[in-house]
Every structure is written in structure tokens, then in C-alpha cells.
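Starting off, we have a lone chain in the form predicted alone, written out as C-alpha cells.
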Amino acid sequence: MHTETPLMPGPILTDDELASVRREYRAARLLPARTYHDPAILEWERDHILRADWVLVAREEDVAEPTSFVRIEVDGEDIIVVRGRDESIRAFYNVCQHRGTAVEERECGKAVRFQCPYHAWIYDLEGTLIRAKHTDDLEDFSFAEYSLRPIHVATWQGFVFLNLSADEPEPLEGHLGDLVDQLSRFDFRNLRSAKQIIYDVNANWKFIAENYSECYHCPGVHPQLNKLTPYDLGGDYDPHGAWQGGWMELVDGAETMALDGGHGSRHNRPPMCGVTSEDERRIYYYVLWPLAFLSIHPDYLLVHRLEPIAPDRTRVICDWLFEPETIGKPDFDPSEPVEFWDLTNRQDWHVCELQQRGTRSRTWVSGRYSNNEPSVQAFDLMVAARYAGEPFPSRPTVRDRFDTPVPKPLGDAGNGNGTANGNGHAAGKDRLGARAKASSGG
């Protein structure tokens, strides 16, 4: 099982600050301003979150064939992801163990082996050092010891996840928890990317995740989106695992999310594999802790991946994924969903950047959640749990539907740990858990 990485000397947040985030929803406060601005906090997050938890980094299609590889960057580390001749996907730091030279210069391609361009040390596709001239008489030298440094890798639904921890991590499916069952009816593995856009956002990664977690801002910030999925029609899930999520309901006549109003805008795009009649009336939104968002539409999957660059800067990679048969149609045209979400993304980035600017003020210490933002607190509770070195809590407040007048607390959540009984499970969860699983076919 995964062992929590020890905290750095001294608490990130004081006991009072942690308690203020973890109070019952209507009494709680947001994370303190310094968690979004202090470089020392971002460095702690790098060590104890980005390099300790499973992070979604790529798609299996990026290394679709044996001997294919792709270079990616995770938290400043240059990494090779390669599919071996045995079809297994592996990952290694792109560092020759001789003098530290990057072994591979290409961004992607095919490789029968990896050969360092400096002194020609050769590694096979399993990372094993197989040739190093003029080392035969060295004392205490072994090829095994100087092989490429491996990285934990796992796949789910066609996504490639890495865990940079030196210790053996919790299995990916244990990390994802009941999300695995909830999304099991879909077959995302076969989806293919039709478009990718990379954004550079001058905002902290947590502001972007909090923004994604609520639609309180939608009427003013996203008028096009709010016309298709009104901000007060939908519901939340009660997650068990490193995720949170919910759904929004499409208005009558709308088929998907598109700039033409969603009416007839699927353009002969059939539903994705596994989509039910109920799914065709919903847009699902999931945060996969810590740095990925999945937005499930009837006809496509939208994926956001975050790369924290600085306390006030985040790179966001956005992919539009479709069924291969849909992409193969002669009249396939993804421009409507791409343009819709490109506009929506830029609207979000604008307000996130304004938030980053405003919270620099000494006058803003920590805000309050409106009664439309329990999902924001749900994300902040995951952050607070990591800051405290504790397991993720069940959320204290869940709305089975957004149009419920008052959010319903699950049990007594005012004990400072965000749970009803202190063990990570809220006593009242079964009502929504059963509803969520029933609606997802899990």
C-alpha cells in the first residue's frame, strides 16, 4: 500500500487554517491566499503531490505500436514513455547513467534501442544497459545498476499515468477508487485525438481546478454554455477515491455542446461507445486528482491536463477525443465542439488570471463558499488532506441535484476532518452513492 510522503518541517497550513477549510460547508472558508502564491508551497506540492501521486500524462495511442516512444515532461523531468516489443508500456527518466546526458533527442518515433549521443552507452527498450565500452575493468560496476531509472507506469481507459515516487505506490485502480466502476460502461481506450490546443495560463493550478469544479460563474462568464446546460440543473457524485465529479443537464433540443446552440450540431456524429439514453441528455465533469479533467459528452470526450509551471502560471493541454469510426467519416468536422470549448476555455482562463491578480492583495486572506460551490470545497478538501498527510475525505456536502434549495450535509461533518465518522466515509453517503452508480451503470 502507498505510504504517505512525510511533510516538510513545519506545517504548510496552521491547524486553524486547516480546520477553517474542513468545517461544515456553510461555515467553511477557502484555502488561504498564500497557497496560490507562495513558491515554497508549490515546491512542497511538487514533492508531495506531483511526484507522489498518479498523474495522467498521455494516451496509449501516443505509443500505439511496439518500439514506438514519446518524450514528455512531468514537473520539469524529461521522460521517455515507450511500448516494448512485448506490448508493455514503460517509462524512464531520459538520463544516461554515465555522465547524465539526455539519451533521446527526438520528440517521438520508433526505436530499436536508446543510444546516448555522447559516449554511445546503449540501453534496450526495457531500460537495461546492454553496452558501455571501456567499463570492463571498473571496480564495483554492473550494467544492471547503471540502467535507465524506471518510473511507475499504469494505464486505464486508454490513459497513461505515471507515479514518480521512489517507493511502490498504491495501485492506480486503488487511487481512482469507485470511479473505475462508475465509468466502466465506456470504452475510452479506442478514442483518438482529433485536435489538441495548449494554453499558457497566468494562474495557479488550484484556481483552475476550483474553477472547473463549479458552474456558479457560468451565467456571467459562459453565456453560450449556460444556454445549453443551465448552471442550476445537474447533480454531484459522492466519490470514494482521488476524484470528484457531477453532471449538467442539456436543455431540450440540444444534442451536445457547440456554438450553434447544440441543436443539430452533432453533424451525424453517433454517441460514443457505452453512452446510454440518460447519458445523451447529460454532460459529465470529473476532476482526476491532481491534474486532469474529463468532460464526457454524448459524442466526444474532452480532456484537460494541467502542468504547474510557477505559482502564478499553468500550462493546460486540451484534447478532443472521438470514436475512430466517427473521425473516419468523410464529413467528419470537429470544428463546432473545438470552437465552443476553445471559447469556454479562454473565458475561464481570463477570470482565473483576474483571480490570481486580485488575491495578491494583502486585503484578501481567504474567502467563503457560496451555496453553489460544494464541489469547490470538495477539491479544497483533497488539497487540505494532502497538506495534512491524511487520506482523502468523503465530501461533507453533496447536492444530489443542483436545483435542491439547500445543500444537504452528509452526517456531522463539523469534526474537522470532513467526514461523518472520522474514517473517510460519511454516514449518509449511500443515498447518493446508490443513485450515482445506478445512473452510471456501475
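Treat the numbers as computed from the prediction; the structure is a model and nothing was measured. We number the residues from 1 along the sequence you see.
The next section is about a form of this same protein that is not shown, the form predicted together with a further copy of the same chain.
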Exercise. Taking a further copy of the same chain in the model of the complex as the reference, which of Gln196, Ser184, Ser88, Ser361 has a non-hydrogen atom within 4.5 Å?
Worked result: Ser361
Seminar exercise, completed: None of His350, Lys227, Lys329, Lys110 but one has a heavy atom within 4.5 Å of a further copy of the same chain in the model of the complex; the exception is His350
For this session: Look at the stretches 279-287, 332-340, 244-252, 113-121 and give the one with heavy atoms within 4.5 Å of a further copy of the same chain in the model of the complex.
Result: 113-121
For this session: Considering only heavy atoms, tell me if Ala27 and a further copy of the same chain come within 4.5 Å of each other in the model of the complex.
Result: yes
Exercise. Taking 4.5 angstroms as the cut-off for heavy atoms, does Tyr93 touch a further copy of the same chain in the model of the complex?
Worked result: yes
Problem set entry | Asp38: touches a further copy of the same chain in the model of the complex, heavy atom cutoff 4.5 angstroms | no
For this session: Report yes if any heavy atom of Asp47 sits within 4.5 Å of a heavy atom of a further copy of the same chain in the model of the complex; otherwise report no.
Result: yes
Problem set entry | Heavy atom contacts to a further copy of the same chain in the model of the complex at 4.5 Å, residues of 114-139 in sequence order | Pro117, Tyr118, His119, Trp121, Ala132, Lys133, His134, Thr135, Asp136, Asp137, Leu138, Glu139
